[in-house]
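Given next, in structure tokens, is a single chain: the form predicted on its own.
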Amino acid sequence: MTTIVIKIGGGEGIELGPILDEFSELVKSGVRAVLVHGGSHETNLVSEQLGHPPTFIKSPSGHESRRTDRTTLEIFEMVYCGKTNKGIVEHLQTRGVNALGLSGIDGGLWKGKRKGAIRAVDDEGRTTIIRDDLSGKVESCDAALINLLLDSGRTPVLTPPALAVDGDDPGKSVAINVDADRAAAITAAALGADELLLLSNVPGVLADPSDRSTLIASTAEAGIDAVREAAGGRMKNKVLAAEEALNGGVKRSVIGSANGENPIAAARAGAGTVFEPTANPA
């Protein structure tokens, strides 16, 4: 039976309704499907409304992440685990899918390591070290828990944060903000999934980010180095996720659009940037 992990981004301009309707039909067709979602745009809006505006960190290599202090993490959980997750579960339930929403901390579903120190580059090019950030990376996924849900007819709807050991107190666990694309990749690898689809408000990796006609269709044609070089900002994380899934045994990854007509079917048919194991991982 086919197993697919689909990550729907939380950026501005994504219409959730149509893609959730398509996801519902996919589940009802018999596919073992797991949905992972973000909520970044809504988190930004709520953060502004609560008087704690979002700030972002750029690493020396160009990767961008949310600066996560304790207040930001609480807002993050309100939006990701609350409003967004339960809104998706409600929508799927009304479409006849027995969805069950979990965050990565529930049941220790996603475990990782909190970053002890983060190198960040400011607008003037200076590098600083941040030591109190509540962020990290998912390193393991409890596939047995997900399979238990799937085998019982439930459809998992998963979202950050993840769980980590607190570096300041090894006997204590702490929630950490993690990249949902890379969490989806770890999940797909743990499940031995056939496909990982990373769907957001862009059509894939663009050679020129300002020109959608410059879409790179596949790593097989362009080469993985060209795809890595073209990826900037948040797209760097998606490319990393797509590669990590393949390295973990997933047969195919696609970075594509969450909008348009039947975006899941389109991505499965190759619309977007396709990553396949035949690409050189060097």
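In this text, all values refer to a predicted model and were calculated from it rather than measured experimentally. When you see a residue number, it is the position in the sequence shown, counting from 1.
The form predicted in complex with a small molecule exists for this protein as well; it is not shown, and the discussion that follows is about that form.
Contact with the small molecule in the predicted bound form, defined as a heavy atom within 4.5 Å, is made by all three of K7, G10 and P209. When you look in the predicted bound form, the only residue of N147, N201, S173, Q93 with a non-hydrogen atom within 4.5 Å of the small molecule is N201. Of the candidates H52, R66, K251, R234, R234 is the one whose heavy atoms come within 4.5 Å of the small molecule in the predicted bound form; the others do not. Shown alone here, L26 lies farther than 4.5 Å from the small molecule in the predicted bound form, counting heavy atoms only.
With a 4.5 Å cutoff on heavy atoms, A230 counts as touching the small molecule in the predicted bound form. V205 belongs to the set of residues with a heavy atom inside 4.5 Å of the small molecule in the predicted bound form.
A residue is said to contact a partner when one of its heavy atoms sits within 4.5 Å of a partner heavy atom; S40 meets this definition for the small molecule in the predicted bound form. In plain terms, the part of the chain that comes close to the small molecule in the predicted bound form, with a heavy atom within 4.5 Å, is 235-243 out of 217-225, 26-34, 52-60, 235-243.
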